[in-house]
Each structure stands twice: as structure tokens, then as C-alpha cells.
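Only one chain is shown below, in C-alpha cells, and it's the form predicted alone.
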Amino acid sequence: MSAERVNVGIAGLDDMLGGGLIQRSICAIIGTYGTGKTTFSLEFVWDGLKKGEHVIYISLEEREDRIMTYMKMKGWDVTPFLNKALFVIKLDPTDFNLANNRIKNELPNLISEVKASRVVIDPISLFEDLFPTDSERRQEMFRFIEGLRDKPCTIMMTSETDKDNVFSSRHALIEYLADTVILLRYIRPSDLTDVHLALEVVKMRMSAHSREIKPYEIQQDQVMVYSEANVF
């Protein structure tokens, strides 16, 4: 029996994923600045809202009004969904106790309370930054991820890449905990005449998936992943 799928809402990417993310799995979108991590997560949010799902969006970076502005600029009217099907929570990553408590303790209860089927945490790397040591970070993140696996929702987390390694998340941790890892990056031809955006599905548990590197574009109203094209 094939697993139920949840569309990201980006046609070429869903094709690369074999029809979408596996329902109730955890996906990590990893990329450096300007590669569109938040845009990918908002496409995931909007796809769920259009299908009548309830969605939680936790932002550790952008304010709620800016997130609403981004979606409005794409031509999406999310006002009718706000606090009914779409729940946006802005957390201050500099307030350790508040952010840590709300993400680890309140989020699981909120998922159940609003019956959310999709959850976004953007970016999870700022939450990881809260922990002072690698060992504590690994322990707390493992507990957090395992707690979310009991919830009937599909989760997308974004993460910044390590400043010295564009193929790794900042703490080289979330890619091991997530079921699906999608890497966004720049590709610069040797002649330096142009810069391309490219993605690859680095990992996807329990599913066959494309292992090719494919170009994509971030347009005003949508993301285009050219799953039939080559980067060069």
C-alpha cells in the first residue's frame, strides 16, 4: 500500500518527491540567504489553506504583518483564514525561556487544539541556536522531533546553511532528524555571467524520489521548479 501524500504546492517539486511529502512526515528545507526558504514554506501553507486544512506557522524571524504582506503580494487573500484556519505565531528567539517553552511544550497542544494538519517552523535554526552546547542541542532537538511525530500533521522546517558548508544546515543536525531534506543553493557557472538557483531532494525516507539537481525560479506569484530541465 502506497503512503498518503501531502502536496508542497510546487508542481515540479511535488513531481520530484514522487507526488508530494509523505503524510505526517517532517521535511527540512535547507538553504543560504536569498534561496527562498520562507517562500517554499508559504507555498506549503497556501496549498493547505486552499484544501480546507488548518495550518500553524511559527516564525522566529519575520513579524506576522510582514508574513501577511508577503502572501498578499503573491495575490493570496489569507485574511478570511487568519485565526480560523491559519494560526501565525511570532516568537522572539532572544527570549530563551519563552521561545523554548512555547515551541517544546505549547506547540504539541496547539496542534491538537486547532486540529492542524500542516505546521511550519521558520527557521528552526534560530531555535537550535538557543542551546549552549552541541550535546544539549542534540538531546533537546531529538526529544522535540520525537514528540511531534505523535501528532497527525505534516511538518516543514526551514534552516540556514552553515556559513562554511552550503550542503549542511547551521548545526548539521536537522537533516538527520527530518524524513525529507530539500537543499536550495546557488550555482555559479565558471564564466560568472549568471547565477542559477537549484534544488535537490537530498533525502526522503520511505519513498523513491528524484536525485537530480534541478533549476527553479522564484516568481512574483509562484515558485517554478523545472523538473524536466538540467541546471547547465
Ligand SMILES: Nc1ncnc2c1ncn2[C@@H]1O[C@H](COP(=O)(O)OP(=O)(O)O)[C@@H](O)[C@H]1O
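Numbering starts at 1 and runs along the sequence shown. In this text, all values refer to a predicted model and were calculated from it rather than measured experimentally.
There is another form of the same protein, the form predicted together with the named molecule; it is not shown, and what comes next is about it.
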Stretch in contact, per heavy atom within 4.5 angstroms of the named molecule in the predicted complex, of 31 to 39, 201 to 209, 163 to 171, 48 to 56: 31 to 39
Within 4.5 Å, heavy atoms only: does Met73 come near the named molecule in the predicted complex? yes
For Ala11, is any heavy atom within 4.5 Å of the named molecule in the predicted complex, or not? no
Heavy atom to heavy atom, is Ile213 within 4.5 Å of the named molecule in the predicted complex? no
With the cut-off set at 4.5 Å between non-hydrogen atoms, does Ile218 touch the named molecule in the predicted complex? yes
